[in-house]
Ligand SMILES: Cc1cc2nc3c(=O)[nH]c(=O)nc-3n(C[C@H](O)[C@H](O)[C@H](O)COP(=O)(O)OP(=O)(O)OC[C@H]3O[C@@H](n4cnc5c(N)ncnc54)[C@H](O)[C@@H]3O)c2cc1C
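Next up: just one chain, as structure tokens, the form predicted alone.
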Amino acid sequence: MPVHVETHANISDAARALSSARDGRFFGGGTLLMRALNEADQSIGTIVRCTDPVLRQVRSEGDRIAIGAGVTMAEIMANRDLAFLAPVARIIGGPAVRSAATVGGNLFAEPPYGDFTTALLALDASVRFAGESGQSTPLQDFLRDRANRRGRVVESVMVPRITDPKALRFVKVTRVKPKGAALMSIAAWLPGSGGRGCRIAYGNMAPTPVRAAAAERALEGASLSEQGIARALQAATEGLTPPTDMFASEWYRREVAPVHLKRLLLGQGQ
């Protein structure tokens, strides 16, 4: 089946084109989309591209930073204001992938990909769509209805400004280092002292990145010591149904999640 490609200079025009194409996909970096096309994915009939510079911008907005959806992992690593996200971007594939893979594309990545989105979820990020005039959608809500948002163009992702890179902790659990697909990823944002206000997110433990709400509640007010995090580790997978796939079983994911969460919270190997 032939694929129609449209290129627009304005993000508003691109958004209209994508919304009117029932078989359309937006082209960001193409690291996953081109694989689907090469595998003859029959659900894709139209590709919409956009060259609007707004997609490549990183700008300050008060106490938050707006990261354009077209910003690549390599650009994240090179941006001083985004130093707290550089370790996460660094584990996304190899140099060739990082030079193409975009923040917006990662939002739609299916397991075993989407590690960067896991970190964004821990950071309480929000998503801004083209034409929303400053309004944004919490990332958690976006992920809950992600399948129905492919017809909209993401303009940027909003994250809090973090001056201490150690406040965001991240681990990618893989059998093939350093570039293997993750069987699990864990991100923890520790904005306060101890576990106060801690946010924990898992990747590849559900169809989309997901919060570890029970572990967060158990950690509230606790110290980041072995004794203080004990209840959080017991609740590490409470309320979750990890998948069984070619990378790991549900049982294995439940067994290793507390181990890696413990190391992350104690800052071991960070």
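Quick caveat: nothing in here was measured; it's all calculated off a predicted structure. Residue numbers here begin at 1 and follow the sequence given.
The form predicted in complex with the ligand is left out here; the points below concern that form.
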_Listed residue (Met77, Val171, Val159, Ala100) with a non-hydrogen atom within 4.5 angstroms of the ligand in the model of the complex_ = Ala100
*asked:* Counting any heavy atom within 4.5 Å as contact, can you tell me which stretch out of 84-92, 195-203, 160-168, 133-141 lines the ligand in the model of the complex?
replied: 84-92
_Since only the chain is shown here, I'm wondering whether Leu120 would be in contact with the ligand in the model of the complex (any heavy atom pair within 4.5 Å)._
no
*Looking in the model of the complex, any heavy atom of Ala66 within 4.5 Å of the ligand?*
no
*Using heavy atoms and a 4.5 Å limit, would one call Gly29 a contact residue for the ligand in the model of the complex?*
yes
*Does Met184 reach the ligand in the model of the complex if we count a contact as any heavy atom within 4.5 Å?*
no
*asked:* For the stretch 119-158, I need every residue with any heavy atom inside 4.5 Å of the ligand in the model of the complex, listed N to C.
replied: Arg150, Arg152, Val153, Val154
